[in-house]
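The chain below stands alone, shown as structure tokens; this is the form predicted on its own.
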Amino acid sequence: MFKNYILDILQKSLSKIGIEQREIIIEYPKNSDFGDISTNIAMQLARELKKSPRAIAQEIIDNLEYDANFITAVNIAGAGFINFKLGKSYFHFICENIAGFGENFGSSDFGIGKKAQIEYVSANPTGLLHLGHGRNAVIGDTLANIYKKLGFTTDREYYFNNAGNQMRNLARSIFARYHQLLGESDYPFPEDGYHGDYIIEIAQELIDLYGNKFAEDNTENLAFFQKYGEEWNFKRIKSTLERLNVFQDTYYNENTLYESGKIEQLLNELKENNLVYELDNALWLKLSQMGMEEDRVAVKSSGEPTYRLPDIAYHIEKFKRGYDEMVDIFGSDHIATYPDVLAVLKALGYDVNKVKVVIYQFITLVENGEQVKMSKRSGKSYTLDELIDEVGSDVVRYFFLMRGVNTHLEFDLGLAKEQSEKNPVFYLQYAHARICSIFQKAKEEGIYLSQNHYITELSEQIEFDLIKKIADFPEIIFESYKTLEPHIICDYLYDLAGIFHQFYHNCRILQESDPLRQARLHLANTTRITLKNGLQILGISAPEKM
């Protein structure tokens, strides 16, 4: 929004000198004495035009057409930067424009008429959620919020498998603990069993409900234990996610791909398209013919499919639902495997450009510079619930998002526990609460926002800095969408809060008389809306009091 006017006049100037439409990078100079906006387009064109950047910059400036009230000066700096100094009228115009959006500021119609699906968490119901699952959940949920903010019809989906060997191991783990709790201390525990305390908790529940009814080791009893364990785990998973303000629209079970014949249908399609071959009683995907390094097994010699087959079938189902964009959130352990799935989908004729994959790095807990591996409460590895108990859901969400998704995250427990402005979450929330307190005090004094914004009364540089930052909000959301990087919003809100705090300390608000008081109240209110809407995208509360 803020940069659009500059982009427009630059494109028109380039057109006049015979340069076709192209991407122009504009940014804010670190030193505002050089101007409010700067571009290096002249340097980008130097090789193409075989001229010096400064000569190109001068030619661009000579062909610029602009409102002298909006732009008060244009000059060349350094090797060929073009710097623009903006007038008060431009800041007033932008601020008035933002005010017109009201509480919907930041929303866009970019995605109207388009469908998007975000698949995240997707943990199988064999245990409690750990910190890696938590980062997956928060990244996925925030990206879904971004898509929704941009106008997409957004489906949030959880894909899981409640069949196969891991679920059988769950059943046998519960069954072993069940017998041990009934007094058979030497009852063998499965070698690949699940050792968490939650298994003992499930087994004790079964004893409390049914006594020793299931003592016999048979298929029927194990099936019951598997079903009970699955439902118990899923209930806990959903409860944990709810604490993080994470909800999903659809839960898609991998097993339905088998039951509905989708796997068999896919196998036939792969054979018809000559994309598989048999070797050593196994079925192999011809991935080396699809641009990948080597072929991979699709169906083992035992007849059991590898994960690739259901993953391909699942994505085909996504395509059939008519999504314009599909986002998959995976941990870094998937970085070498998901390309196989996309390669097969492409070979089958699907537009894999519609599939966007986010690979996130895992988390290390640190406190006082030392790595923390075990929860003090349980003496075990931290579960997501325990971390939420310790620092709160708002802090967990923000800290999971505050670094780039592909960056290893050091979660500083000491900082997370700080209930002061040192903690970035409290810093943002305090800025919002501070603005709310201004309006509460204004109300007590009988002062209310007027219909007239009186924006033209604003004249201080810090006011213009705040307007400039607020105006970037829609662009920041769009940048997060394009890059699939929610931390961009975290960084933006932190900077916005910092500028607001400077404005608050440097500019009196309620102490002023109208119309300047009204102008500053409207600027403060626009800041509040921006902070609130940004925090909502991150899934974090915006308290009115702290």
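No experiment lies behind these values; they were computed from the predicted model shown. Quick note: we count residues from 1 along the sequence shown, nothing fancier.
The following text describes the form predicted together with the RNA, which does not appear among the structures shown.
J.: Only one of these stretches, 354-362, 464-472, 108-116, 390-398, has heavy atoms within 4.5 Å of the RNA in the model of the complex; which one is it?
T.: Careful reading of the contacts points to 354-362.
J.: Tell me, yes or no, whether Glu410 is in contact with the RNA in the model of the complex, where a contact means a heavy atom of each within 4.5 Å.
T.: Yes, Glu410 lies within 4.5 Å of the RNA in the model of the complex.
J.: Is there any non-hydrogen atom of Thr306 lying within 4.5 Å of the RNA in the model of the complex?
T.: Although the RNA is absent here, Thr306 would touch it in the model of the complex, with heavy atoms inside 4.5 Å.
J.: Classify Lys346 as contacting or not contacting the RNA in the model of the complex by the rule of any non-hydrogen atom within 4.5 angstroms, answering yes or no.
T.: Result no; Lys346 lies far from the RNA in the model of the complex.
J.: Does any part of Lys422 reach within 4.5 Å of the RNA in the model of the complex? Heavy atoms only, please.
T.: Yes, contact at 4.5 Å.
J.: Heavy atom within 4.5 Å of the RNA in the model of the complex: which of Lys85, Lys417, Lys300, Lys88?
T.: Spelling it out, the residue with a heavy atom inside the cut-off is Lys300.
J.: Sort through Tyr194, Tyr323, Phe214, Phe426 and report the residue having a heavy atom within 4.5 Å of the RNA in the model of the complex.
T.: Of Tyr194, Tyr323, Phe214, Phe426, the residue with a heavy atom within 4.5 Å of the RNA in the model of the complex is Phe426.
J.: Can you tell me which bits of 491-518 touch the RNA in the model of the complex, meaning any heavy atom within 4.5 Å?
T.: In sequence order, Asp491, Tyr494, Gly498, His501, Gln502, Tyr504, His505, Cys507, Arg508, Ile509, Leu510, Gln511 come within 4.5 Å of the partner.
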